[in-house]
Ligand code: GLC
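First comes one chain, alone, set out as structure tokens in the form predicted on its own.
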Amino acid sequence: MDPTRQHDPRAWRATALLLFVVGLCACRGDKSPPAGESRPPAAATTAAAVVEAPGDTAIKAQPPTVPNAAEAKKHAGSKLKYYSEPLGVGAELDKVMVKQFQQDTGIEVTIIPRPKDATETYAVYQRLFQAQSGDVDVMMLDVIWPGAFAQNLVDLNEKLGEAAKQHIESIVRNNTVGGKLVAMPWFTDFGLLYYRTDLLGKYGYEKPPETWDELEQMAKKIQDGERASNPNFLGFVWQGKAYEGLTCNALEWIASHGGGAIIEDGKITVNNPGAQKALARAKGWVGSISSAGVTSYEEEDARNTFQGGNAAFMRNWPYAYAAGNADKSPIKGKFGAGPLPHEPGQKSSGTVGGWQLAVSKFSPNKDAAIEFVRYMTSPEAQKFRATAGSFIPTIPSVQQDPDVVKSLPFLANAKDIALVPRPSNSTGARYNEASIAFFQGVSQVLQGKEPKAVLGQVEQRLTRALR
């Protein structure tokens, strides 16, 4: 792995500036997208029954036709396997876009939902590549993975290099390893705070919280009031399961407490007073303004609880905005989104996320797979996914499209977010090992252990990962 091809904080600052054009701001994980897992609490289960079916903002919109259909038809009859979004509006978008692609090109695409846990997805890809399996043609890659999997991926430069010039340069650089373009940018991401505007007004608040103390106070007051009629109501939901999503959440807590980015300039800095304070605070949420079951939550668990009307605040990725405003959503028009809270004197922080599309070197139908990636990452497809699913485009001209600007109003409130990259540039091919050490340690704190002792152990594990 070439670590210089992974997140460079300066590059991501440039990305952020580009994304602020015409009031837009961004910079994925993850919608990461993702220990033993306990069953989510009743509130999440009930909410899922309410909102899973109608998360169809995308289904009602017509996906774009394939711009390069004539060329792609040369591969009609080819059969592809696509490791896709597993749940939510992203999965619905994949279904309708795959149907359109098949109709226009004659190329058959079988959708295989990837594990909803990003850490498990990484392990699945590892196994497939180790076996040199042809059972995957096109796959989603977290923004931190291109370097780790580069040797197993097709160089897209010859056929998609010109198209890649439309995308944000820093993301293309991130996806270029050893001079080879191993993945095409698909969408970018960062963490947001979602809040119920109707409940803020009901309980006398004029604006969402700016500090963590304010969030805790507001969440407690609203939770206590709402439980009179809804015993399952929660103040704050987030991603607390021991997986990649917890790494993203915890990086935001720590950075917004002045605790840095856990690894900086190759030096491990995770065990510091700011980080200890941040994790101690999060531990206090469990069983208080968050349920004990939040330690099993992934993105969709949090979204279903919030969208079902069972939470005042939520940390999640931008995709949840379109889902929350679906026609049958109980909270349509009753919520907003903006920067996560911070400690006084610090900045709101959002972990950099985003996903790419890549083609396996072991695919028996590489040319057909490349045409599918061309379609899914095209300007037309990115506009469709932005307006129907609130996925942030990686093409600046699409970000500036009036329809996209209108569909992503929350970005205008996100101008002061400090973008926090995950430490893939410092850990190289051992990033996954480092992330596991970190989120397992954070999980231990959430389960009741003292932050200082746990972070000391995490520091030791990260030291081994960097050797």
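Every value quoted in this text rests on a predicted model; they were computed, and no experiment measured them. All residue numbers are counted from 1 along the displayed sequence.
The form predicted in complex with the ligand exists for this protein as well; it is not shown, and the discussion that follows is about that form.
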item	value
Within 4.5 Å of the ligand in the predicted complex, all of E252, F313 and P339 (non-hydrogen atom)	no
Listed range touching the ligand, judged in the predicted complex by heavy atoms within 4.5 Å, from 364-372, 96-104, 286-294, 346-354	346-354
Any non-hydrogen atom of F306 within 4.5 angstroms of the ligand in the predicted complex	no
Contact test in the predicted complex: G240 vs the ligand, heavy atoms, 4.5 Å	no
4.5 Å heavy atom contact, V143 and the ligand in the predicted complex	yes
Partner proximity in the predicted complex: D189 to the ligand, non-hydrogen atom cutoff 4.5 Å	yes
Contact residue in the predicted complex, chosen from C248, A302, A320, L234 - any heavy atom within 4.5 Å of the ligand	C248
Sequence-ordered residues of 112-134 touching the ligand in the predicted complex, heavy atom within 4.5 Å	A118
